[in-house]
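Take a look at this single chain in structure tokens; it is the form predicted alone.
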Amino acid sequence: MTRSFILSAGIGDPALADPAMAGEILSAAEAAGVDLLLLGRNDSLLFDPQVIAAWAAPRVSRVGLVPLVSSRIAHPFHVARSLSAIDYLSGGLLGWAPVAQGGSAAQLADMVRATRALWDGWDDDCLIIDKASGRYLDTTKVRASNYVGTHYAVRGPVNAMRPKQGHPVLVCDAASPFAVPGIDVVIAAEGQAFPAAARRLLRVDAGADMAALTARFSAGEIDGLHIELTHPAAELARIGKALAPLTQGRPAAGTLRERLGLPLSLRNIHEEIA
């Protein structure tokens, strides 16, 4: 399989809550070849990233939406329910980036485990939806998770089925790390250690030397870049042009997991952590 470059961008501007501005940024991100658009920043809670992601979900065709989920204010049950719905609304283009925002790494990891356990309470083939027989689902394939961790205890089952991708793509910021198995993408700054993950992105600013960074991708040092945006429209246009040799011709169809070469999660997290 050809190794594909991953372009990620982040925006924390509260003006993103303006639909007109949000629409312009989504269009610019699509045109620039962005794979992951992180909504929100570690050091601020200027808007609700999950609400923005829900609004944007039916409007994107290839950009992966990655709302930051803060363990300061989020609960696993509500996170599991809302992200499952957003994953379907986007056609399987959802990721999530849990962050502690002043809380502990242990609580953050526990939130991730509890949320995954709720998703795994539904089997992928549990829905029947047969009007003739009157059967909606196979109840034997929906289970209470009964997860008990160090900070959360959730029984379930959550009142939303398993996400389209099994689990939305899990993104870890090395500035707010958490220790769970199966992290899909990690973002780290220069000189910062990369936690274990399937894909590694280097955090840079929009003024970085893109030619030099392209060479590091070609050498296998990184799988792509994450760029924090301060002037999104102008920066996305410039970045898209500079990185066009790497971003053009990549797969444009399929779920976010499929496009990033990540497997559909079929594992039962209960068994994994037992």
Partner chain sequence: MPRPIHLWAFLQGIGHYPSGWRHPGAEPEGVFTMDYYARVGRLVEKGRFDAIVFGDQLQSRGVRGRTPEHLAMPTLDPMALLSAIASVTQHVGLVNTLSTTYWSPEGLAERFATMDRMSGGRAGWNIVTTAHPDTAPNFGDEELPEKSQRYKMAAQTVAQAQAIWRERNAALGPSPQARPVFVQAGQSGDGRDFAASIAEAIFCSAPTIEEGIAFRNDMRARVAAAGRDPDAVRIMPGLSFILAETEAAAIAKDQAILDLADEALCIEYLSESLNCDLTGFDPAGPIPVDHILSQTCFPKADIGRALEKPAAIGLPLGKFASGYVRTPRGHNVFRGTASQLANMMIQWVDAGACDGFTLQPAYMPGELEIFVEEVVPILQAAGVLRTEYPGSTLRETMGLPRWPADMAA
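Positions refer to the first chain, counted from 1. Nothing here was measured: the structure is a model prediction, and the numbers come from that model.
Heads up, the form predicted together with its partner chain isn't pictured, but that's what we're talking about next.
Comparing 233-241, 40-48, 27-35, 216-224 against its partner chain in the predicted bound form, the single stretch with non-hydrogen atoms within 4.5 angstroms of it is 40-48. In the predicted bound form, its partner chain lies farther than 4.5 Å from every heavy atom of A179. Using a 4.5 angstroms threshold between heavy atoms, D18 counts as touching its partner chain in the predicted bound form.
Not displayed here, its partner chain is approached by Y136 to within 4.5 Å at the level of heavy atoms in the predicted bound form. Among residues of the shown chain, P58 is one whose heavy atoms approach its partner chain to within 4.5 Å in the predicted bound form. For a residue to qualify, one of its non-hydrogen atoms must sit within 4.5 Å of its partner chain in the predicted bound form; all three of I52, L127 and A153 qualify. Taking a 4.5 Å heavy atom cutoff to its partner chain in the predicted bound form, the contact residue among A117, M111, V169, V158 is V158. Exactly one listed residue, out of A85, A175, A106, A198, brings a non-hydrogen atom to within 4.5 Å of its partner chain in the predicted bound form: A85. Interface residues of 59-81, taken as those with a heavy atom within 4.5 Å of its partner chain in the predicted bound form (partner not displayed): R59, I73, H75, F77, H78, R81, in sequence order.
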